[in-house]
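First comes one chain, alone, set out as structure tokens in the form predicted alone.
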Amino acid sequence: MGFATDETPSLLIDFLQKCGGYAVIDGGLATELERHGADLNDPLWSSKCLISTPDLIKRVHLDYLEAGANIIISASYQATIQGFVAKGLSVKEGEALLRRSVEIALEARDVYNDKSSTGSWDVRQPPKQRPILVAASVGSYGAYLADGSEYSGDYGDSVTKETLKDFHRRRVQVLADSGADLIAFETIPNKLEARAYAELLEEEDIKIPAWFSFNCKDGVNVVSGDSVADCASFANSCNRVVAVGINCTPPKFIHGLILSIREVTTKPILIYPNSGETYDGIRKEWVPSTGVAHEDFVSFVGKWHKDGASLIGGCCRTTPSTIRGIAKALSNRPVNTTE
């Protein structure tokens, strides 16, 4: 399913209508890769598996599709050409791995659709065919630094908008031509990086749509301290951005954030929070004591949808079980195709 940029706003709305007024985004990738035995203690994080265990990535994509996801996000969040080169690969090899991240997701979609059409997932109750999109993930500059700065938005005075554009440019070009349906700019920590992305989309005449998803520290501000309303208002002004929202943010903040975003955008609102746990950028691990139980996370879904979110999923530390719960909760909501 490809999108032409002059029609992108209506096309995402069309997709949501086909899904019944809402769409389910997948859940945490790294969480599942680790559960299956992957060692992600590496600057490349989950994108390390593009080199070592690509079949494992496909397996996780399939798990999320089977759980009910309408949108699966490629394993390219921390995949950067600069990062691959630092591991000893060539620029050409790095670009090939970026493309491969999307190809794996596309292959998973094909496998799922084939099995759904034949009923081979479960002979007793074959899953219903549903619209599925593949989003190419672009993580922030802070994700590449692997120092936790995507959770603070503090890049220092030496990092300018031009620095960020130069860093992201080639990766965005490659992913835009990879066969993905859209680009997911994820965990955006500040307005500066959002501006860099927006200018890149225009300068490079990117032909597929994008969403902007911000990382927030409370119910009002993104992690850098920039107002989420200001960030969302800026995203709303970008023609090539078709949805705006929040990811990797504790569930307890989502209600207020949706209300703030709803005030400044007419575009679909997406939210995929983390489990509520806190990431320790120094120790490079999640602190579990502040997390919410799976049942509590899913119990918020109906309210988030009522608040105005039409694309809902999970981020770090959420699982296919979480996504299955989200899909079930949303399927029990009244159909609303006007969002």
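The numbering used is simple: start at 1 and walk along the sequence shown. This structure is a prediction, so every number in the text was calculated from the model and none was measured.
Separately, the form predicted together with ligand MET exists; it is not shown, and the next lines address it.
- Stretch 143-151 is the contacting one of 173-181, 159-167, 193-201, 143-151, since its residues have non-hydrogen atoms within 4.5 Å of ligand MET in the predicted complex.
- Checked against ligand MET in the predicted complex, the candidates V301, L29, A69, L311 yield a single residue with a heavy atom inside 4.5 Å, and that residue is L29.
- Checked against ligand MET in the predicted complex, the candidates C315, L330, I323, L16 yield a single residue with a heavy atom inside 4.5 Å, and that residue is C315.
- In the predicted complex, no heavy atom of S213 sits within 4.5 Å of ligand MET.
- Under a 4.5 angstroms non-hydrogen atom cutoff, ligand MET in the predicted complex lacks A79 among its neighbouring residues.
- Contact check for C248: a heavy atom falls within 4.5 Å of ligand MET in the predicted complex.
- At the 4.5 Å threshold, heavy atoms of I73 reach ligand MET in the predicted complex.
- Residues from 155-192 that approach ligand MET in the predicted complex with a non-hydrogen atom closer than or equal to 4.5 Å are E186, T187, in the order they occur in the chain.
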